[in-house]
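In structure tokens, the next block holds one chain alone, the form predicted alone.
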């Protein structure tokens, strides 16, 4: 859905890389993350300072091929190497549907998926993945106390902590924080994510994981991401010609319009319901508003046992609540598709009548 903004920007983010450039594996041999392009590190720190959503001063920046690679790198770096059994990895349901697969795909001897943080009660160390705003339901999350104090380590997945999705209430300051360009700017195809890591040894281990896994991260993608993040920071400067040149203002307006349209359709229905989000003051925008998550966490009424199956019968593709560790009455629906796809979704949803 952000394609419309980037088309409007024309060639502001166009860049040319000559054939002789970016040949080496190394970007900055003196940096702990030696494959991190200095321009990207500078752009990342500038954007966080501009938005005010994360503390960057005492954190190391580690770049990854999207936040998916960084999740695996963080699990590797935080897992004790001297434990007889793999460390348990948990997240509070409904949790991001890829967490179980990402955790168990390699059948690592270091860590294993242990399910819902609310019900986890095993002894020993654990790693909790905290997604805030949460995917799929858009709720702001805190860590769940699932074990004895001091045994747990936290990874904060903050992919959606940007002003178009939710109010920026503070600059978060956690030990390991993950972000991704795909959710911030819409450029999913560039596959760039970054971690802000307080502990030097953890950052070094994460860098080692990426070194062994992919020998670094594409320089072309990093340089493009740096250009785009820089353009976003520039768009937030107070002397811009229009507030709609501000990427986050523009994107927030689009998200709010889509949510208004969806709520109107759901309100006319006796089949579906949506979460309600409280108004919260945003330090970046300087006003109060409700959240506009990238996904709608929609619930079917009690007469429908499997909401995903029901909607697919009406040619609406969703992701079942089962994938997120909860009941099949819920589904996750993307709010960030192209206009024609989103409008077709609303049209099909509005024609559904319950005949059971």
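Note that the structure is a prediction, hence the values are computed from the model and not measured. Positions refer to the first chain, counted from 1.
The form predicted in complex with a further copy of the same chain is left out here; the points below concern that form.
With a 4.5 Å cutoff on heavy atoms, residue 53 does not count as touching a further copy of the same chain in the predicted bound form; it lies far away. At a distance threshold of 4.5 angstroms between non-hydrogen atoms, residue 101 is in contact with a further copy of the same chain in the predicted bound form. a further copy of the same chain is not shown here, but in the predicted bound form it comes within 4.5 Å of a heavy atom of residue 183. Shown alone here, residue 190 lies within 4.5 Å of a further copy of the same chain in the predicted bound form, counting heavy atoms only. Here the chain stands alone, but in the predicted bound form its contact with a further copy of the same chain, taken as any heavy atom within 4.5 Å, falls in 75-83 among 229-237, 115-123, 272-280, 75-83.
Contact with a further copy of the same chain in the predicted bound form, judged by any heavy atom within 4.5 Å, is made by just one of 289, 68, 31, 326: 68.
Put simply, of 134, 251, 221, 167 only one has a heavy atom within 4.5 Å of a further copy of the same chain in the predicted bound form, and it is 221. Residues 208, 209, 212, 213, 214, 215, 216, 217, 218, 219, 220, 221, 224, 228 are the members of 206-231 with a non-hydrogen atom no more than 4.5 angstroms from a further copy of the same chain in the predicted bound form.
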